[in-house]
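Before any questions on binding or motion, here is one chain by itself as structure tokens, the form predicted on its own.
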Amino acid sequence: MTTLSKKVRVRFAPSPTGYLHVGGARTAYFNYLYAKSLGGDFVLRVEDTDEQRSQEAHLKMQIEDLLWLHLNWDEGPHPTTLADQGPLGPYRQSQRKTIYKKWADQLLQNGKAYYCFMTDAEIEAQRQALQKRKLPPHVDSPYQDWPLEKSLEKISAGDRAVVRFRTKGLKKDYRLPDLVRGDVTFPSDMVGDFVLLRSGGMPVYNFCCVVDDHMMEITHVLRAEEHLSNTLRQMMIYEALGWQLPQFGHLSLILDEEKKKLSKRKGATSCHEFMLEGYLPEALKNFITLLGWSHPEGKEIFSEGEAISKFALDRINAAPAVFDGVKLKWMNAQYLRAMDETQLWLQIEPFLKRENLDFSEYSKDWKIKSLGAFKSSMETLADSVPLYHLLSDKAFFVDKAESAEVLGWEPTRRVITAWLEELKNHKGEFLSEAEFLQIQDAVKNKTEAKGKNLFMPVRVAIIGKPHGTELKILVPLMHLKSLINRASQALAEVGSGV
């Protein structure tokens, strides 16, 4: 394990613009695992400087997703009140504007930045002219050499200006020893003079990110590959302020099965959607851990404790990771089927109640028995709904369209009548599997019906349609009075001429 001279501090810094994307969840979890593997701190910071898109409701949605995943942070907004928890807040960038201004003022005083009064129209005209000459469309501000006092006078007169970082004179290569990708080199002329503060005083991402990471004592920045292009600007700011660079690691892209960037158009991509679809948080975390990281023993199923003990940055792969929905469902099924039936019932009950399927009056033993019969057929918690739907008397009806042919067969009335008679003669609240098979044989002998002429009418009398789950699994879970009522309803639907 790596020996470090100072305590590891990592952060997950989402923008509150919607539910937590699965790519963001992976970034959060990798940071969490790394911190916990080395006894470090996991900080949640909210990057809400995009005033148009950032919403309090979205922040609460993302926090709900993080809590569902059991990713508890050591510092950051309180999960309920959103009040700061920790000594280095505020943890929301919108509440740190005076801090950013302080450091922007220092860069202005040191000549590392300047006020720029160019309008959007002037900037666009300049960029188009440069593009026609096939030159990089970097801003060449006429204000870059103005004395600070002159700029302040113009601002005092009511003019608005952005604060730009001065790149003039930085003609060198910047080398980043990336923890995932190895050495990455950026030529300084990749960027022109870039904005630090907007004219309204709100900082841009690259500036507040540097200030926050430094002041929150972040030692390692593990983030998505798409942020690699931001790193040069951030390295320049670190250098200008004389601050030590944290260690960076840029995680690979996540692709869909068609090797394209994972998109909502291809299905669920947010943790909230996976929760609604009945995935277990433990299974989803196990799955996303393997999106770019590999277990040293090649395991695919492992606990979070084992993930923490085995997690190391040198096992993160720089190549894109493919999100395999089939594998996720398989993995979820493994976790679901390994779960204790008592705990599993607590997990499926909200899904059942959402569909008005209420089994609260049934005994604990019945619930455990039913899950013992059903869970091998379940891959997600939502899969419980169609299975238990068959057991709900409130949901039962004879599907006339699907059962029309069977209801019109010559033996059907005799078969259902004999089935109903056998049920009424049975003593007990439930049928065992053996008793069900015995009664089915008795119906066969009474009516001389065979094959589909026997089984399909009985099935219609039990589940209201001729095809579905194996009856020897269902019948032992159904009250005798329920079986009798269903058979009576089915018999009433048999054609009068049969």
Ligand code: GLU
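Numbering starts at 1 and runs along the sequence shown. What you are looking at is a predicted structure, and each value in this text was computed from that prediction instead of being measured.
A second form of this protein, the form predicted together with the ligand, is not displayed here; the remarks below concern that form.
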Select from the listed residues 227, 214, 299, 101 the one whose heavy atoms reach within 4.5 Å of the ligand in the predicted bound form.
-> 227
So which of 272, 223, 367, 220 gets a non-hydrogen atom within 4.5 Å of the ligand in the predicted bound form?
-> 223
Is residue 205 close enough to touch the ligand in the predicted bound form, meaning at least one heavy atom pair within 4.5 Å?
-> yes
Taking heavy atoms only, is residue 209 within 4.5 angstroms of the ligand in the predicted bound form?
-> yes
Decide whether residue 483 counts as a contact residue for the ligand in the predicted bound form under a heavy atom distance cut-off of 4.5 Å.
-> no
Although the ligand is absent from this view, report whether residue 41 comes within 4.5 Å of it in the predicted bound form, heavy atoms only.
-> no
In sequence order, which positions of 11-28 have a non-hydrogen atom within 4.5 Å of the ligand in the predicted bound form?
-> 11, 13, 14, 15
